[in-house]
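Presented below, as structure tokens, is a lone chain in the form predicted alone.
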């Protein structure tokens, strides 16, 4: 059960220090407007600006459910907690950009989501009609390199990149092939997804959640629906909970296979590139056979499933996929030219991974033994706990090994679901009361997804906060680039399995 605690602004810093010293992890912070949760429309503007409330999501060591700290600063300054918990820095800057709240002594002041020169007439996430944005040309300011020699060069790369790679702008300061400093600029295609939830009926929100990140449709819809189910105190039928595990592990399969193929592409292992994407295609055909959707959409809904997947004859193609994957994995782990490019590339130490908020396979490849499916179990993962793959190599090779092992574990979990699936209903009534709220989470192929859901007085969505794993891992990634070389950059980025859509939202 999630615990709520009211914390005054002056108590945030000591409370955070105490929690971090005890091994807790500050997951994220967001803002919402309890006073503005009534329905608004274009003809009914707010009489006065509503008061923002901050919510800090904290996972204490050894506790299954997170804690939620509620802080209503009013006119009081809010201290930045980033000096204590560095992973909060990007979240605080996002709150400033989208909700207008500023944090005192923020170590990285400046816009994060809004691009340089963008100005909002009012905070974009204030309840009501979307705020118009204006743009003024401003110089792109980069950090200075102290004592930089004349031969230090600047390489601006993007935002348009080759092929179908998502838009982002990266600035490299380098000498020869050595990267001195790396400065990423994301959010060129920020879609305002959290604002889009506002005013929707809760069931329709599940359709939108599936489209926040296309390759994480199951994880996003699952976290969203579990947040609604927590608000409604709805118990999902066992059969639906087991089938949700099957869908989540099918999603992990095709994502990890795509990852391995793409990683081989960056190391120029052409056979591994082709075979990885071939196996990904087999996995997507299994998805389509079971659900009618290669991306496993339109099944998960509040209370369970809209309809059941077709499971008949699924065991045979899964067995064939496993047999072909075993040979592929052995090839990847014995190809010296491939491994030479991965070993010691993109080193992310255990403490740095924890402090900066790494999640999913990235953190587990840095020696952090953490997986919400086991440690904060949800749904049928309580009865079907996964084996957790952990490596302490901290490099691109370790990140490959974690994903290889997770593919094996996912196939095993799917087999356990097919063998032991309980009978019964696959959906229960889920009607959260007006004014209620809930928090849900799921472990996607890239890491932890969180949804915080608040309903207004009509029972419609007043605020939906989305914390996606790529938002966290893009922040971490930059720390592995400084001091490396240009030839390894593409390999390092591929080894993180990042998506920009999942970050920009």
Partner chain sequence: MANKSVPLWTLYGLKQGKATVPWPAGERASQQGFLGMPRFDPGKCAEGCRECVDACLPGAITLQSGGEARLSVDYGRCIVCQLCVEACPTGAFAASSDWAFGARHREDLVWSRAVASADGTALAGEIRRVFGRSLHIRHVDAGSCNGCESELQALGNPLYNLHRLGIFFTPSPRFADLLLVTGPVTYALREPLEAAYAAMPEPRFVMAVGTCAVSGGSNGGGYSCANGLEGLLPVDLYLPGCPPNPAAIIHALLMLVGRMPQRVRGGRIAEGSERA
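Please read these numbers as outputs of a predicted model, since none were measured by experiment. Numbering follows the first chain given and starts at 1.
Below: the form predicted together with the partner chain, not depicted.
Contact check at 4.5 Å (heavy atoms) against the partner chain in the predicted bound form: all three of 277, 298 and 331 pass.
Segments offered: 354 to 362, 78 to 86, 129 to 137, 431 to 439. Contacting the partner chain in the predicted bound form at heavy atom distances within 4.5 Å is 129 to 137. Listed residues 386, 238, 192, 184 were compared with the partner chain in the predicted bound form; 192 is the one with a heavy atom within 4.5 Å. Taking a 4.5 Å heavy atom cutoff to the partner chain in the predicted bound form, the contact residue among 204, 152, 315, 155 is 204. Taking the partner from the other structure, the partner chain in the predicted bound form has a heavy atom within 4.5 Å of a heavy atom of residue 335. The partner chain is not shown here, but in the predicted bound form it comes within 4.5 Å of a heavy atom of residue 166.
The closest non-hydrogen atom of residue 349 lies beyond 4.5 Å of the partner chain in the predicted bound form.
Using a 4.5 angstroms limit between non-hydrogen atoms, residue 285 touches the partner chain in the predicted bound form. In the predicted bound form, the residues of 298 to 322 lying within 4.5 Å of the partner chain by at least one heavy atom are, in order, 298, 306, 307.
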